Each structure stands twice: as C-alpha cells, then as structure tokens.
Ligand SMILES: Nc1ncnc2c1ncn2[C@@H]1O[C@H](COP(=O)(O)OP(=O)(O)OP(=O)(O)O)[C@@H](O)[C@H]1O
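So this first bit is one chain, no partners, the form predicted alone, shown in structure tokens.
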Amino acid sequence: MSAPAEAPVLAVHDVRKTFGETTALDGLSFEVRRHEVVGLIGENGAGKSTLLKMLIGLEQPDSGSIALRGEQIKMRGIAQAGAAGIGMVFQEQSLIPNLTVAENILFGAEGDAIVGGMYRWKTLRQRAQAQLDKIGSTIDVDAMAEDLTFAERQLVEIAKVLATEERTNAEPVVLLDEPTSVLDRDEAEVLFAQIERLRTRASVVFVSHRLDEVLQVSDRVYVLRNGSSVAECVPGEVDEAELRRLMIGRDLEGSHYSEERQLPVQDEVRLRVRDLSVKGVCESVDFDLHVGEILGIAGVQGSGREELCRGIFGASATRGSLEMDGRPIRTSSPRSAISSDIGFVPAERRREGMVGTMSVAENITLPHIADVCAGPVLQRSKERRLADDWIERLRIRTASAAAPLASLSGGNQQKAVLARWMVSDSLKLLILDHPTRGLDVGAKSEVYRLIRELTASGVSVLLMADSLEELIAMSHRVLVMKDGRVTDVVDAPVGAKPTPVTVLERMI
C-alpha cells in the first residue's frame, strides 16, 4: 500500500469574493506544495491581489475554504498571518514613511529589540541589517523610509518579508506581489537568487506581469481569468505566447509594442529644452522634441532622468529655458505646466497620481474640470459620459464610473490615471514615467496603441519605461543620461532599432 500523498502547504478551494457588484473571485482553487514556487498570472482585475490579501488576512472570503498545512484557517489580520508564517511583499508599498528602515523591517515583530516598551536600537539595527544582507542591499538601516527612492523602498519591503522565516517554527509561505516591478535586472536577479534560497525551507507564491520571470522562477503556474483559475501550466511545456493567450482568452495581434504602427515625426519642434538644470541632480540638459515624436529617456537609477521630467512638469525647481511651439514657457508648478498643455503620469500613482477616495470619473476629469461644467456648476451626467467612454476604451475594470478609484486593482488604477490626460483635446506634451508598470500584457497592448494614436494626432511624448526593450520599441529616438547629463541620443527608426546592449553601453 503506497504512502498517502503529503498535504499541500497551502490549499485554496472554491473561494468566492464580491465587492458590491464586482466579482473578484469566482470559485477559485489552487494549491502550493512544500518547497515550491508557484507562479500566479492574470490580467488586471483577474483576482490575484484579492486572493493574496485574503491569504494575509486583509480580506475575508464570502465562501469556500483555505487550509494552511492541512488545517482550515481564517486569517484576521497581518499579525495573525505573520505568526502563522505567512508574509507578503505588497504591490502597493506598505512601509510607514516616518519610521526608519530598521523599524519598518521589524515592525510588529521586534521581539527582544523592545524591552519595557523601549527600543534596544543596537539589537534592532543588527537584526534589520541581517535581512538587508540577505539581498545584498546597502540601504542604511537608519534612513527614513520617506527619503528612499521607490526602488529602494521595494527592496526594504522584500527584506521585511524575508524576516518572516525567522518568526515561526513552521516552514513559512512567502507571497510576492509584483516584487520586481521597480527593480532593474541586476536587482531582480538578486531577488531570484533569494527565492531559490528561500525555497529550501519555505514555499513561495510569485505574482508578476513579466512572464519571462514567472517561467524562470516557478515550478508551476496558475492562470487566472475573471476570478477563476483557467489553467495550470508547467514551465518548459508552455511559452510566453501561450501564457498570454490563456490570460486574455485570445491571441494578441503582432508585437505588443505595435512597432509597425510607428509614424514618422514631423519637422516642427514641439519642445525645445536648453541648459535645463535641477539643483544637485542634473546639469545643462539640451534637447529638442518634435511634434508627434516619442523620445525615450534611458538611464540607471541616479542618472537624473526622473528629476529632469519632474522639472519640466514643474514638480521640481529648475533653471534654464523651455520653449513650446516656439514660444517661451515657464513651468514653475504643475498647475502652470497643465496650463501649457503638458500632462504627467508619475511612477508612484498612489502617492502622486490619484485621489483614491474620489470616484473613477472624478479622477479622470480632475485636471479638466472646466470641460464638464456649465459655468460654476458641475454637470455630473457629462462627467460620467466622458469617464464611461474612457473606461470602455481602456478596458478599465470597475463596477461603475462612480466607484472609488482605490477600490480598483493597481493596473486599473494606472489606466484611469492615463485616461486623465488622454481626454484632453489640447494636450501637446505627455510625460510618461513607467506608464505600463503593473499592467498585464493585454492592457499594455492597449496603452501602446493609445500612445501611438496620441502621437498620430500630434501629441509629443517623453517616455521612461519599465525595460529597455519597451523603451526602444516605443521610441523614435532614445536620449541617454548618465550622472545628470545627456551622454548620447540614439535613433530608433522602424526596422533599424538599436539593441538594448547598444543603449546600455551608453548608460554605464
């Protein structure tokens, strides 16, 4: 008689969850075995983040069951989940801004680092440093979280969840929700090595829109669609194209980046930048951006590219000169930039790009409130019609335009932030800071198509992208920055795109 099969570490059976009229999970089942990395993929709104929040105790199922190490569980919060050995890296970062890195890493699990209600700072720092050492990070444990870059905060999130393996006698379960979304390739490889180390005494659930990464690190992959698991795949037996088809239920036509739709730029200069500087970050930047052109900006962290774009939008103080369509402009604030027909999609949508308590419709029309008013009176019906049009065009998954933006999945929030600028007929320049971050392949394809449509109508675009492949494929030219200065401008015409290596060599 054969021995009974070992029970999975984590088993989800027929779980259902609704939010008002929206069905987030619809009879979802999946399991994670010991020492296994399970990939979880799906379109935005497919239910991935809802499932993970349920496992960590932030949401409760309406029906169905969840078992941990063979026992039925119902987590009532992050602290209870942590005590049971479940830790999570959130897609939307959860660090407390006014605490130090050390305090954030060990928050709620300080143990002997607190005596009599007082921190033993030396112990706290040593234990936090041990977690950062696991991922090879040089971040100062005494730094305030609010002073870190987005990528640095993500590394602290990862260090925080790695501490879970030392807080329980049982083998932990680590949930990673888009952990590489803001990491460069070297940082991502460090994380992958850490996942391999973790799996020797833990089980891992890995969620990512980067399908090559999912295939690289996972033993099995579950494909979610409309709140259900529609396929279970084994890497080596499927490729990225098949995973995309399973995710969206159809084949994507042509390149995701729609390179064949790239149109020639016009001779007319839309934006002329001369001797532009942001104090302590970038110096004497010169470039021209033509009508209908997508100018990609490449550079490693600290190159000054983000600060340059924020300066052009008026979010950072600058010196130098800007001309729009041959006329001098001064963007001393975001308000003045918007009045000059400039739009900006920031990388950190939750902190800078949206008002979560306002409705989807209100967020979309926020910079253009005059367009939906009759005199001083807001016309709600006009606002809803405008929002509904863009909800349909961008396939934003929401119960209605009246739903709070914070209730949508991260990727659908991003699409609403994009729609905010696309509604304007007067838009001349759109600055995009990682516009497809957190979007699935189907949504990315839609965003690429819409960006092409904008440039065909004469809008010019400054683009910073998640990867060099995306940046090169979408751009007419690539402006390369290093140490706060422009080091090169690389042409990227259709049919003769430079390789990522060519651009990378100019970045470092």
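Not measured: the values here are computed from a predicted model. Numbers for residues come from their place in the sequence shown, where the first is 1.
Another form, the form predicted together with the ligand, is not on view; read the next lines as being about it.
A single residue from the set S359, T180, N412, Q194 has any heavy atom within 4.5 angstroms of the ligand in the model of the complex; that residue is N412. None of V478, L28, A443, A46 but one reaches within 4.5 angstroms of the ligand in the model of the complex through a heavy atom, and that residue is A46. Though the partner is left out of this view, T22 does reach within 4.5 Å of the ligand in the model of the complex, counting heavy atoms only. Residue contact check for A387: none of its heavy atoms lie within 4.5 Å of the ligand in the model of the complex. Using a 4.5 angstroms threshold between heavy atoms, I297 stays clear of the ligand in the model of the complex.
At a distance threshold of 4.5 angstroms between non-hydrogen atoms, R153 is out of contact with the ligand in the model of the complex. Comment: 404-412 is the region of 404-412, 335-343, 281-289, 115-123 lying near the ligand in the model of the complex, near meaning a non-hydrogen atom within 4.5 Å.
For the partner-free chain shown, just H209 of 186-210 comes within 4.5 angstroms of the ligand in the model of the complex, judged by any non-hydrogen atom.
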